[in-house]
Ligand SMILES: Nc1ncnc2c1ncn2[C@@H]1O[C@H](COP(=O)(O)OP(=O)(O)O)[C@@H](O)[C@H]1O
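As a starting point, one isolated chain is supplied in structure tokens, in the form predicted on its own.
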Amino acid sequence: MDEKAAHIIVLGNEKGGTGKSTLAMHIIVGLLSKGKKVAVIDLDARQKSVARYLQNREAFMANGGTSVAMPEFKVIAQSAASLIKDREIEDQQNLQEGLNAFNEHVDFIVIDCPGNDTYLSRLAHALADTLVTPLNDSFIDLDLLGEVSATNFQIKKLSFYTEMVWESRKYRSASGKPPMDWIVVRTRLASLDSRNNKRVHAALESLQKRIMFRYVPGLYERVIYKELFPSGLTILDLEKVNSMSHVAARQEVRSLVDSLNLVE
């Protein structure tokens, strides 16, 4: 990409239920709140979680709600061609057309991938300047990155997803692009500092050195995040926060966005 190309942020993993859409929306609104121009591509044409979140946001304003910043967005569905080769060619064309539609007039393009392995998702990973992989706070989700030993909780074998990310990194290197910044974010964190919490933390700290990702704290399990979906809002959109929990939620989102190192 040339110097004027938008920075591509991909949210990807191969597990559902990790709070990926909530995380994506808060990153999007966090960037908008810093005065950046943002576009969104939703590759999960079946669930359309991020697209639905943004549609709720549009409806909120259309129904008399306070004006809030909006990104441009579109949904790209997988090709339905009968031959694999034809499907892959069509997927490449559709994704490139989506990127071209936004690339010259936005600062960031956020791509939300489905929670399973698709060709479109692999294409997006290969294009990612920043890859954000959310994980629930459990060893079940840690399995997304690699097989965990039952005795010492260390990673015994890397996962197919981790290997796919490494292939994406090789592609970027061969194409002369800057290295991908891979960030693993723990989501739905429990409030209590449990033994499981500490073990997952230790495993991720060990693993980040082995497969070269940045591990950052994410979002706690908070009701407010779920309650805001129907209105399409995020904690950053609320003019007033009425509890210490909401104040803490806003601060953790801001800290998360800052830790991605997207804005100088």
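Just so it is clear, the model here is predicted, and its values are computed rather than measured. When you see a residue number, it is the position in the sequence shown, counting from 1.
Unshown form predicted together with the ligand; subsequent notes refer to it.
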(request) Look at the stretches 33-41, 202-210, 220-228, 59-67 and give the one with heavy atoms within 4.5 Å of the ligand in the predicted bound form. (result) 220-228
(request) Answer with yes or no whether Arg122 is in contact with the ligand in the predicted bound form, where contact means some heavy atom within 4.5 Å. (result) no
(message) Does any part of Arg188 reach within 4.5 Å of the ligand in the predicted bound form? Heavy atoms only, please.
(response) yes
(message) Test of understanding: in the predicted bound form, would Lys15 fall inside 4.5 Å of the ligand by heavy atoms?
(response) yes
(request) Would you mind checking 38-71 for residues with a heavy atom within 4.5 Å of the ligand in the predicted bound form? (result) Ser49
